[in-house]
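Here we start with a single chain on its own, the form predicted on its own, put down as structure tokens.
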Amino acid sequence: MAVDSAKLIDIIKAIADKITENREYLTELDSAIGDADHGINMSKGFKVVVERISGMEGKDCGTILKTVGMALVSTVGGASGPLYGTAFMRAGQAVDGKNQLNFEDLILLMEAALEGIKYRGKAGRGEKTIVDALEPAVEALKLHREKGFEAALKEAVEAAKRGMEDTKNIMAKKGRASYLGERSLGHQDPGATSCYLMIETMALQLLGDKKA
């Protein structure tokens, strides 16, 4: 795995496209347990992201990721903006100054993103949040790193998917959804879903024609 700034920008643009494609789906999920605006807000935020990173091919990867984070913080409403914004900014700090990223850098920046979300949201696994998709993915990358980049990345995608789907069986303990108590059971968390979509898209971009 070798990702330069141009490839990183391509990956982020692909993530933006995926979020936009799933705008209504994410909003539908959010309508059951939240403010019914997750898809709308995320799509709006990533539109600004694409505008801000276009033409940044000459910048280092850390700067690009931090730019993504700042755009999300300033444009995405609700809790998602600060959480995802912090995730991307922490990821950028973890690889600051690097013009090319390898597999170990991927693990490093995803660990940093996870820790940023947990710190900003004061959330842990099992609370029906983004963490329920992201933490299993990070753990899978680390657990299977000896199998090589491709195998580990595929395991991470599957782990994120399972984590996302498992949020249906979790009672919300954070955010607006927590007000519903047991009524939040049976509903998939929109934040965990958008996180899974990002991880899946990133993997597909990195693996090329080798499906995630």
Partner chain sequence: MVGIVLVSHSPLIAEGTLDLVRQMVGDKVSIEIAAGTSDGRLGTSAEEIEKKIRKVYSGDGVLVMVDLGSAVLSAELAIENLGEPLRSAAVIADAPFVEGTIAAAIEASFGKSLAEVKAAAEGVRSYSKLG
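What you are looking at is a predicted structure, and each value in this text was computed from that prediction instead of being measured. Residue numbers count along the first chain shown, from 1.
What comes next is about the form predicted in complex with the partner chain, which does not appear here.
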Item to check | Segment that reaches the partner chain in the model of the complex - one of 39 to 47, 162 to 170, 58 to 66, 149 to 157, heavy atoms within 4.5 Å | outcome: 39 to 47
Checklist entry - With the partner left out here, if you bring back the partner chain in the model of the complex, are S74, A79 and L83 all within 4.5 Å of it by some heavy atom? => result yes
Checklist entry - With a 4.5 Å heavy atom cut-off, would you call K98 a contact of the partner chain in the model of the complex? => result no
Item to check | Partner proximity in the model of the complex: L141 to the partner chain, non-hydrogen atom cutoff 4.5 Å | outcome: no
Next on the checklist: Whether L114 contacts the partner chain in the model of the complex should be assessed with a 4.5 Å heavy atom distance threshold; does it?
Outcome noted: no
Next on the checklist: When the contact criterion is heavy atoms within 4.5 Å, does M89 count as touching the partner chain in the model of the complex?
Outcome noted: yes
Checklist entry - Looking at the partner chain in the model of the complex, which residues in 106 to 122 have at least one heavy atom within 4.5 Å of it? => result Y119, R120, G121, K122
